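Only one chain comes next, encoded as structure tokens, the form predicted on its own.
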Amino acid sequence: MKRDVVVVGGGCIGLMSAYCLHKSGREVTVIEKNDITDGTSFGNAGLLSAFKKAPLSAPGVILDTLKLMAKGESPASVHPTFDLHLYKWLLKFAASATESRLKRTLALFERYGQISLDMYESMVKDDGMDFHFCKDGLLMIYTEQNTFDAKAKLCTNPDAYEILSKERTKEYMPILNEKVIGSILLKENGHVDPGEFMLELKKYLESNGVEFLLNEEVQRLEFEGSKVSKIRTSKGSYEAETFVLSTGADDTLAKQAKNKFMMTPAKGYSVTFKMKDELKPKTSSLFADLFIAMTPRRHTVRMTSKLELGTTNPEVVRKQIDSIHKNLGMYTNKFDMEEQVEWTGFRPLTPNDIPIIGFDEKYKNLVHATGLGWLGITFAPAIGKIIGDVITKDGKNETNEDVLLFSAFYQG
């Protein structure tokens, strides 16, 4: 039986694409090589951080990272490799860290961040989902005076920012010690529990007729002329009118379609734990100078950090976990982290924070949806909407303004 739309990949982007395609009246099948309960989306911090927060490729990021490396506090590391693609990526990353690119990226982030926030709110109110959706801001905590001062100078809109003293910052995060400088609350942001979101969305999709084929890995694309004729999996083969590749950092299938995207797998870590309620952060928080996020959840707290490039090792590396604890410990009082669960995964990172979305340049029934890096949860609803629209309304990239604005096919 020939299917309508097959979405390959059951992460947040794949599921939101399925959601929007279903809302548009399409019949959708999701194929996922695992059971969707331990993928990169599940290990996400859950930040909805599109507003007033600089992207990864921001001016000064390279110098700031080198300074942190000298102090032994850097979250970033690049493993020696013979992979020339990574070095090309690094050069592109450096070239993207400009003021003009920053201005454009921030504008795009706010456009698609607002779409995502509105859609999250609708999914809660209209679809009855419950995934701990909170619109209570993002607290940027500073441990360096110069970066705090530089950011504070930009905070001229009281509707978007609140500058907090050290004492007020401790009210938001009681575990902080005296080394912290202060913080800035970015009021327009929020957070969700990504695990709850994924499970709630899967349950909603299943109850509305979306087909899930789990623990089934797509191994090969087959082509006929300018189309993908079928896909072959570990369990069988499938034909469809349209195929959506949402496979995160794994670009194996994209390469079969002769693509070599400017994207690299970025390994990150999370530690989820329980702590005393009176010590929990009052909202999602990011140590701006350390790249350590702490997000309060319904019953736990999640801490995320690290940016490892040039590695394919899927295991939790003890020294990386120890480094996160060490860096955090310099700016917090001792506290108990109970029932710790450690996780690591790979994010699909482009050098300029612009995702890879839209129809393939060669195969007219193949659509790509990847490259969000750490921002998958932040932009998943908006990306799902774009994928749904370009398939059901446009049929090509050139007439979809969101693809023109926010895809690496046009903004790379």
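In case it trips you up, residue 1 is the first one in the sequence shown, and so on. As the structure is a prediction and not an experimental result, all values here were calculated from the model.
In what follows, reference is made to the form predicted in complex with a small molecule, a form of this protein that is not presented.
Just to be sure I understand the contacts: of Leu117, Ala97, Leu186, Val218, which is the one whose heavy atoms reach within 4.5 angstroms of the small molecule in the model of the complex? In short, Val218.
Please identify the residue among Ile377, Ile354, Ile386, Val28 with any heavy atom within 4.5 Å of the small molecule in the model of the complex. Residue within 4.5 Å of the partner: Ile377.
Does Lys52 reach the small molecule in the model of the complex if we count a contact as any heavy atom within 4.5 Å? It does not: once the small molecule is placed as it appears in the model of the complex, Lys52 has no heavy atom within 4.5 Å of it.
I'd like to know if Val8 sits close to the small molecule in the model of the complex, meaning any non-hydrogen atom pair within 4.5 angstroms. Yes.
Please tell me whether any heavy atom belonging to Thr40 falls inside 4.5 Å of a heavy atom of the small molecule, as the geometry stands in the model of the complex. Thr40: yes, in contact with the small molecule in the model of the complex.
Is there a heavy atom of Tyr269 lying 4.5 Å or less from a heavy atom of the small molecule in the model of the complex? Yes, Tyr269 lies within 4.5 Å of the small molecule in the model of the complex.
Residues in which of 158-166, 245-253, 175-183, 141-149 have heavy atoms within 4.5 Å of the small molecule in the model of the complex? Result of the contact check: 245-253.
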